[in-house]
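As a starting point, one isolated chain is supplied in structure tokens, in the form predicted on its own.
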Amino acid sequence: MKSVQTILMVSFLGCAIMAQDSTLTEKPLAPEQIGMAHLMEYLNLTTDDITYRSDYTEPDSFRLKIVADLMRRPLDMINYTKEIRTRYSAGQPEILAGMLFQDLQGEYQTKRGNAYPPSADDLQAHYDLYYSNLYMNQVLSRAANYINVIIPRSTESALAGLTAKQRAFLRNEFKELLVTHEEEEFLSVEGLDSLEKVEEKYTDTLVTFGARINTDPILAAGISFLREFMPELMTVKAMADSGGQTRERLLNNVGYIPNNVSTEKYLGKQSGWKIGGPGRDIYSGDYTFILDLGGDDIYELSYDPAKPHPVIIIDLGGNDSYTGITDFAIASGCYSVGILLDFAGDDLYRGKSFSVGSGYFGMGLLYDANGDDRYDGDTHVQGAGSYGMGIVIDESGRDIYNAALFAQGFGFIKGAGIIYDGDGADSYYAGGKYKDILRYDEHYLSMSQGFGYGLRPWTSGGLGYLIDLKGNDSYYSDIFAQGASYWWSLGMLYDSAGNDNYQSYQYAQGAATHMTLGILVDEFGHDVYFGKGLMQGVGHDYSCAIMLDRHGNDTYTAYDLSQGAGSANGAGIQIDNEGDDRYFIKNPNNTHGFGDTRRDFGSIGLFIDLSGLDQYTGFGKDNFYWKTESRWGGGMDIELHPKDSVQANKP
């Protein structure tokens, strides 16, 4: 085992606890911890045999501390998913945003940047009052302070080390690293090679100055705004919801304004600001601030990245339609902060690219309190972050998420993206537009649904999370999705309850490729998992991936190199704690606990089922231990629990 330990040397707290006297253990071990230690002992391994040090590759300045830490202790991903799941409190999006900000700390970063601290002169009132309601004016004053002073000056602080040419590069060329054009499908081999060389040149350019970008001040400004703004906004909302003529009275002005006086000097009436009443309103253009008190409203929004500015939109009720006329519209933080707060109604969010909860060198947050909503977008949408944070929080309702690429919990360089959906039977679809032309004629890239992505071998990637708490959910994707990642990043999909359906094709459902981490955890429900290969707990090339289903009668189907497989010094783990399960595979030679023998010291593949009456095609067998034809691979099906001890749909 010394040859394995030289390369795969991880520490895992659960194993250390196992070695101690059980009377000293404060908390009982989780079944998966017990099962993993038990199987690894059977295979002459320990949980300390899975680790990847940061210096296996040349460290770069883009690497995140949480990724580097978890690469050293990959099995800690299981506890980390629980931490992410508990980070949200209803009606307080600032809590999730603040904790996501903490995880964007660089591996070698010792100090985080702060928002611009305004002086007394900065906060001095520059507008006359237009509305008579005290709380209305407090909300508008708070927004004006952030929109006019704190956020713009925080942006300048974040980008202060860059030249005008470098800033233009971020708006134009760097964006192309994330954009795919449909016509690329028809390029010749020479054309594709030329395109690849251009993108490599863009990456080389970023590396020369990317370390001088620190978006911390922008993100901190957005979080601070939410913390200060939400309590005052909730007071206005409570008044608006109190019935009678309250909403109309909130719009009462302070008196007569002469015809020859510009409204620009009045708070809430300045350029780029709109206040809407309880009826149906139509907003069209590039706005800075909108507060709408209700009604079925229509938003047709645009944004110019060459003229960045904050965008704050609050809608208190109604079945609203939000349409992005350009990229970077609808809850998009592009070199700034973009926040959309919608408190009621069945809403439609229809964006182009870099929208609907997108943070591109900034913070974009979309909060929807309730209603059956639909989210549509193209690229870098629905909780996507690059050098920033993209957040979608939907607290309740039957929702539909539809996107093409880099979406639904996507993290790129120095970025974090998350969807946090609280309740409802939801549908997630990612892909179907941009073909995976290097591998297939009829399959499409998704790179979504909890996907972290870095540019191998130049820049480490980010954090992609998809968290869904309740409901019978459906997840559809194609290539790279559902708790997957590529190059020094982390992808996570966590589903707490419901009978869920996971459909993908390749590199999905707990998959990690090239020095990276991926995990899928499903707590409760009778679930179905389907795909071709490199999925359901597969780690490839110095990577670790975990697929964990804790309860329910589940069905798993895959063709090859799946269901607990390690490849090219990777570690792949599939665990099912409870339930009567079915495992179907096509190739028994590299599934059900397979670790290939390449690169001398091989890989680790673990397959674990801890209870139930189970069915197999392939290597596995009910109530059985086995070793596969590989160096460090095998599985077991045992009765750690006589039967599923909790209801499958328990929240």
Partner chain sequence: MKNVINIVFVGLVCLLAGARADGQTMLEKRIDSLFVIASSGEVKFQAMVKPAEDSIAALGANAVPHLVEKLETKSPRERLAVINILKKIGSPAVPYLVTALGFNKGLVVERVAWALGDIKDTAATNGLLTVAKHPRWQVREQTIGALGRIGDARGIDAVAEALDDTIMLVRKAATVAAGQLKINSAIPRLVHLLGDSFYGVRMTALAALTEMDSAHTLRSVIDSMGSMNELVGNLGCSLLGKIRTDSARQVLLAQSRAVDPKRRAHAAVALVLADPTDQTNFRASFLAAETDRFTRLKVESAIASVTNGQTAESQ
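Positions refer to the first chain, counted from 1. Only a predicted model underlies this, so the values are computations on that prediction, with no experimental measurement involved.
Another form, the form predicted in complex with its partner chain, is not on view; read the next lines as being about it.
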**Prompt:** Does its partner chain come within 4.5 Å of any heavy atom of Glu264 in the model of the complex?
**Reply:** no
**Message:** My question is simply whether Pro457 lines the interface with its partner chain in the model of the complex - judged by any non-hydrogen atom within 4.5 Å.
**Reply:** yes
**Prompt:** With the partner left out of view, is Val189 within 4.5 angstroms of its partner chain in the model of the complex by any non-hydrogen atom?
**Reply:** yes
**Message:** Considering non-hydrogen atoms and a 4.5 Å limit, does its partner chain approach Asp49 in the model of the complex?
**Reply:** yes
**Fill in**
From Lys65, Lys586, Lys621, Arg582: within 4.5 Å of its partner chain in the model of the complex by heavy atoms is Lys621
**Prompt:** Of the listed stretches (384 to 392, 471 to 479, 190 to 198, 516 to 524), which one has a non-hydrogen atom within 4.5 Å of its partner chain in the model of the complex?
**Reply:** 190 to 198
**Item:** Sequence-ordered list of residues in 427 to 452 near its partner chain in the model of the complex, where near means a heavy atom within 4.5 Å
**Value:** Ile437, Leu438, Arg439, Tyr440, Asp441
